[in-house]
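The form predicted alone is given below as one chain in C-alpha cells.
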Amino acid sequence: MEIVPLSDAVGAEIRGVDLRETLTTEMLDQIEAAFHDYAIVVLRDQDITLEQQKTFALHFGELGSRARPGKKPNELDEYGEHVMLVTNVRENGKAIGSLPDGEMTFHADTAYFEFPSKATMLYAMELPSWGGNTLFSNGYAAAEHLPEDMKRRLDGKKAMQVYEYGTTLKTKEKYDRENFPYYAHPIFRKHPATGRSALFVSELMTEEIVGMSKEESDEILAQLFEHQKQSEFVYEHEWKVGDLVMWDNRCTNHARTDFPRDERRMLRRLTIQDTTPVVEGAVPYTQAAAE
C-alpha cells in the first residue's frame, strides 16, 4: 500500500488496494489512519459491486440512512435505505436518483441533523466528458487561518444549519423550517479522533449565527463562506470511472462544478453514520497569537 498526498490543501490517494479482495486488519488500520490524517482518501481503478462497496464502508461504522423525516425506509426506491444514486439519468422523463444537474454549493452532508454523517463514500460509474468535479475545502486549515479577531468573535458560538432537500444552490435567504430539519452546531467543531478544531459552517446550509443580530450574522457568514473557498484550502477532484472517494464530513466541506446536462453522470453514494455528539472545539489560535 502506498499513500500519496493529492494536494497541499487536503486529501491523499491510496494505491495498491483492490476492494474486491478481503483487506487485512493492518490494511484497514492504515486506510483509517490516512483518512484521519488527510480527511479525504481516494482509491482509483476500482471495479466493485454495491455489496463490495458496502462491505468496505462497514469497516468504518454503520451505514447512514437516507430516509427523510416522515418517510419510511420502505417508501424509498429500489436501491433501499442506504444507497443514493447521484445522477442525472432519467427514465420516462423522471430522474432515477438525486441531485441530478448542475453545480452545487459548498456544504457538509446532513449538518442539519443532531448527528451529521461521519463520512461519505462516493463511487464513480458513469461520467460526462467534462465537469462534475468535486471541490473539497479543509475545515481545519480554514479555522486556523481565520483572522485572530474573527476567532475571538466566534468563540463559543453556534450556527444554525437548515436544508431544503434537493437544493443545489441557495437561491433564497431562508429555508422553510416548518417542513425541513434544522439544528444548531458549534462553529468550531472538535474532531473526536484527531482532537483538532474545524470550521463547521457552509454556504448551502448555514443560515445564521445564533445570538447575533441578522446584520452581524449575515456579514460574518459571508466572510466565512468566501474564506472557505480560498484555493490554499481546496482540492479539486477530477473524477475518473472507478474512483472511490471517502471524505470526512466532520472537517471538510464539498461542492460540485457544472457539467453537460445531456451527458450521463452516475455515482453511487453511501454515508457512514456518526454516533458521537458534535462537540465544541477550542478556538484554533496561531502560535504567534498564543505567545
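Treat the numbers as computed from the prediction; the structure is a model and nothing was measured. Numbers for residues come from their place in the sequence shown, where the first is 1.
Just so it is clear, the following notes concern the form predicted in complex with N-oxalylglycine (OGA), a form of the same protein that is not shown.
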Contact between R44 and N-oxalylglycine (OGA) in the predicted complex at 4.5 Å, heavy atoms?
-> no
Non-hydrogen atom contact L122 with N-oxalylglycine (OGA) in the predicted complex at 4.5 angstroms | yes
Consider F225 of the chain shown here, and say whether it contacts N-oxalylglycine (OGA) in the predicted complex, taking contact as heavy atoms within 4.5 Å.
-> no
Hey, in the predicted complex, does H185 get a heavy atom within 4.5 angstroms of N-oxalylglycine (OGA)?
-> no
Segment assignment from 56-64, 262-270, 225-233, 28-36: heavy atom within 4.5 Å of N-oxalylglycine (OGA) in the predicted complex | 262-270
Candidate from I220, M104, V83, M212 lying within 4.5 Å of N-oxalylglycine (OGA) in the predicted complex - any heavy atom | M104
Picking from S117, T134, N88, S202, the single residue whose non-hydrogen atoms come within 4.5 angstroms of N-oxalylglycine (OGA) in the predicted complex is T134
Judged by heavy atom distances of 4.5 Å or less, which residues of 233-262 approach N-oxalylglycine (OGA) in the predicted complex?
-> W239, W247, H254, R256
